[in-house]
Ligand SMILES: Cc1cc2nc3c(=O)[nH]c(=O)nc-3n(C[C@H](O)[C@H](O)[C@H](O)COP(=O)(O)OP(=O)(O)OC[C@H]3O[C@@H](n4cnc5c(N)ncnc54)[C@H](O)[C@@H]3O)c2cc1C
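Below sits a lone chain in C-alpha cells, taken as the form predicted alone.
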C-alpha cells in the first residue's frame, strides 16, 4: 500500500529545506527525499551572501534565531571597482539607515539549522539516502517509486534537487543551458588587514574576484571567477605562489595574504527551465534556474522561489495543490523575475569582460556617475537587499515599502 503525502519535496538542501520549514505548520503531510547524507569528512566550502529578504524568509521559517547563533559575517558596506580603469562604486548600509546590507553564512550552517527544525516536525517525513526511480502523474495524484522499492502517493512533487534535477528530467521539462566559459575558485583567506565588514569585488578581464567578510575580522571567503585553465592553475599551484597571485589580483587591498584554506573549483553555467510547473510538478532553485555568481543572487533567488510557492500553497491548502492551474500562479510570479536577473547577470558579465576601449571607458564612467548619484545607489541597494519589489509576504521586512 502506498504511503500518502500531500507534498513531496525532492532535494533536502537549503532550498528544499526552506520550503519544508515554511510549510511545517500547514497541517499537510510532507516528505523530503534526499539522495546523500552529509559527510563530516568533506565539509561544504560554500558560503552565501544572504539578503535582508532571505533573512526574513529564514525568520518566517522559524530558523533565524537558531541560525544567528552560528558564526556569520555581515557586510555593512560594499566596494566594487574595475581593474581596467578608475571606475568604482561604494555602497553603505548607513545611507538607508539599515544595520547591514546582508550576511555571509556558511551553507552547512543553514543546512544543519534546517535539519534540526525539520526533524522536530511530526508532519515531515525525512527519507535519506533515497532517490526517485519513477514517477507517474494521474488525474488527482502522482505515484512515486523509490530506489528502495517503496511507493509513495502525493498531490504535488517539488523538484528542489539542483541543476541536474531528476524531477525535471522525469517530468519532461526542457532546460536551456550554456557554459559561461568560466570556473569559480572558492576558498577561505586570512589577510593582514581586517575586512571591517566590507564586501569587496574587483572586475578583472577574465572575471570578477570577490572577498566576502566572515565572522573573524581577518577572514574572508573568496570567489574568483576566471577562465577554466587559469582556475585549474590557481587551484594546483603552491600556496606561496597562490598568495602572491591573489595579492596582485586584489591590489593588496587587505594587505598580505597570510593563510588560505583548501581550494575548490566549480564550473559556471547559465540555465533556465522552459517551464517551472507541470501537472503535479513544481521546480524551485537551481532545478529551475542558475545564474552567474558575480552578484551573489543565486541562493537568494531559490529562497524567494520557496517563499512564493509556500505562500500560494498555504493560501490554497484545502484545495488540490497539485493542479497546474494553481501552480501557474507561482510560475507567473517567479519566472519573469528570475529571467530578469539572468539577463542582468549576463549583461554585467559581458560588459565587464570586454577589452574594447570604448566599452571600458563607458563602464568606468557609468560606475563613477552612479557612485555620485545617491538616489540611484539607494535604489540599487534597496532592490538588491529585498527591501522593495514584487516579493512574497514571507520575505517582506516589517518596514517593507
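Computed from a predicted structure; not experimentally measured. Residue numbers count along the first chain shown, from 1.
Although not depicted, the form predicted in complex with the named molecule is the subject of the following passage.
A.B. asks: Is the named molecule in the model of the complex near all of 53, 93 and 200, within 4.5 Å of a heavy atom of each?
C.D. replies: Answer is no for this spot.
A.B. asks: Counting only non-hydrogen atoms, choose the one of 180 to 188, 148 to 156, 239 to 247, 134 to 142 that falls within 4.5 Å of the named molecule in the model of the complex.
C.D. replies: Of the stretches listed, the one contacting the partner is 180 to 188.
A.B. asks: Within 4.5 Å, heavy atoms only, which of 311, 82, 130, 331 is in contact with the named molecule in the model of the complex?
C.D. replies: Result of the distance check: 130.
A.B. asks: The named molecule isn't shown here, but in the model of the complex which of 322, 208, 296, 73 has a heavy atom within 4.5 Å of it?
C.D. replies: Looking at the other structure, the residue within range turns out to be 296.
A.B. asks: Would you check, heavy atoms only and a 4.5 Å threshold, whether residue 342 touches the named molecule in the model of the complex?
C.D. replies: Contact check for residue 342: no, nothing within 4.5 Å of the named molecule in the model of the complex.
A.B. asks: Taking the shortest heavy atom distance, is residue 78 within 4.5 Å of the named molecule in the model of the complex?
C.D. replies: Residue 78: no, not in contact with the named molecule in the model of the complex.
A.B. asks: Should residue 10 be classed as touching the named molecule in the model of the complex when contacts are defined as heavy atoms within 4.5 Å?
C.D. replies: Because a heavy atom of residue 10 falls inside 4.5 Å of the named molecule in the model of the complex, the answer is yes.
A.B. asks: Though only this chain appears here, would residue 111 touch the named molecule in the model of the complex if you measure heavy atom gaps against 4.5 Å?
C.D. replies: Looking in the model of the complex, residue contacts with the named molecule include residue 111, since a heavy atom lies within 4.5 Å.
A.B. asks: Can you list, in sequence order, the residues from 246 to 274 that come within 4.5 Å of the named molecule in the model of the complex, counting heavy atoms only?
C.D. replies: Residues within 4.5 Å: 266, 268.
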